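Coming up is one lone chain in structure tokens, specifically the form predicted on its own.
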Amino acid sequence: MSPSPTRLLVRDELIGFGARPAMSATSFMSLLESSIASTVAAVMIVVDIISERNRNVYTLLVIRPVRRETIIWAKVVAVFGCVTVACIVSILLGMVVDAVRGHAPSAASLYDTGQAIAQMTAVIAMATAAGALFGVLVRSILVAVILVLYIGQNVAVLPLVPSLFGLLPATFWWFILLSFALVAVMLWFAGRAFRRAQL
């Protein structure tokens, strides 16, 4: 009898150096989704900001009685919200399919799912904020996309440190809070740079 595909990816016994338990299927899927979704979110926002600036769309928006930063923050919230909701719905639908098949989630698996969703949300937020920052600072779409793919995605790894390396599992929520603090800092810099930018 051959093992199921999920048994090949997620094992119950200890792996690695014997120090950390295997990653759950939910954590693995959220890791996979957050990697893809964060890249999509970062590229979407950076291309949107730069293409609108190159088409002089912002000259019409900045004459409105709103602060310039709110334009960037609104874009970040829209992209982050849409991508995150799509990912959370896909994870929850997977749980519904498992429940229909007779694998009702336990309290431990629900907590694990909550951690996975929080981690995925932090990764998407960091990548989106990095995309907004590069979109404001760079004028070329190609250069901004390359920066987002190489620098922005490396910054977005911070919330994944506890899961990827099995380090400091007790500080999981501190890594999530630190990630959202860095998101706030990046958005502040993006808003400040956009306010001072010549459009």
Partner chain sequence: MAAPLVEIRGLSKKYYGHPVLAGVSFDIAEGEVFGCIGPNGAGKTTTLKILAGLITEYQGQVQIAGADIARDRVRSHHLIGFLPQGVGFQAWRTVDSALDSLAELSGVAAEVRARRIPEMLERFDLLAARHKKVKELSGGMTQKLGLIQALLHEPRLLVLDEPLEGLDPPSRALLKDVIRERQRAGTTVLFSSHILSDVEDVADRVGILNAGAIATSGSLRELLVAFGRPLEIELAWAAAPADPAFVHELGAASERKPGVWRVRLPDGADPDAAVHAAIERTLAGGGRLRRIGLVEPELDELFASYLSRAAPVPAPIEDRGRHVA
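Because the structure is a prediction, the values reported are computed rather than measured. Positions refer to the first chain, counted from 1.
Keep in mind the form predicted in complex with the partner chain is missing from the figure; the text below concerns it.
Proximity to the partner chain in the model of the complex, taken as heavy atoms within 4.5 Å, picks out 65-73 from the listed stretches 154-162, 39-47, 65-73, 140-148. Residue contact check for R195: one or more of its heavy atoms lie within 4.5 Å of the partner chain in the model of the complex. The closest non-hydrogen atom of L61 lies within 4.5 Å of the partner chain in the model of the complex. The partner chain in the model of the complex comes within 4.5 Å of a heavy atom belonging to V57.
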